[in-house]
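In the block that follows, a single chain appears as structure tokens, in the form predicted on its own.
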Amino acid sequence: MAQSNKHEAIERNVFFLIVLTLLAVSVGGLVEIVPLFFQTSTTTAVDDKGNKLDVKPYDPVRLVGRDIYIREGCYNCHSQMIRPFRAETERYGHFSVAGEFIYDHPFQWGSKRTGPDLARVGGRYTSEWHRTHLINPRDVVEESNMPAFPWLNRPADFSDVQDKMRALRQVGVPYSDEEIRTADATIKAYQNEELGGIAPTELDALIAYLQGLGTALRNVR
């Protein structure tokens, strides 16, 4: 009876019930989250077997492309998380592992999949295919319900990319001083080699980001 009275007292006291609920959620969250900061598989670039992956921080063009991907809400329809089930791996490729995303802040795993998963889209299509698809998806996939993004064919803004790299370095992305200092030169080299001297557009930056997705595990079976 005394125990029942204690429960009743807690349930009738809204403030006390809120405090205890927050305490329970906080403790449960810490127990689940804190160990992840000390697991090799979530803090270093390794696959599910512990093999080293060749994962590098995004170069300036891909970094801007990733920001455009987030800005345009691509994550609302496309996940970047292949589950370890045959139905998933047969269609998309090797399942996603945490080590691939150690430099993603925030990561783009997600669970909403109106369109296909993009975790292994890098190198699957040509850059020209992506360009046509983004400007008007129906030109390459007749039944597509994806919206068109023709406005992306405009100059990309790289003015603050060095500040972005410095900010990301504060949360563990290993950009060197040299990489940050030469960001503009990296962008110009990209222009010369990939675009014939034409400054990268938002479309180019987004395509560069997409073409790098999942390539660290491309040959893993």
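Numbers for residues come from their place in the sequence shown, where the first is 1. What you are looking at is a predicted structure, and each value in this text was computed from that prediction instead of being measured.
What follows is about the form predicted in complex with ligand HEC, which we do not show.
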property: is_contact(residue 126, ligand HEC) in the model of the complex, heavy atom dist at most 4.5 Å; result: yes
property: Distance check, residue 94 to ligand HEC in the model of the complex, heavy atom within 4.5 Å; result: no
property: Interface membership of residue 190, ligand HEC in the model of the complex, 4.5 Å heavy atom rule; result: no
property: Residue 145, heavy atom within 4.5 angstroms of ligand HEC in the model of the complex; result: yes
property: Stretch in contact in the model of the complex with ligand HEC, which is absent here, among 64-72, 23-31, 170-178, 156-164 (heavy atoms within 4.5 Å); result: 64-72
property: Residues from 166-181 in contact with ligand HEC (non-hydrogen atom within 4.5 Å) in the model of the complex; result: none
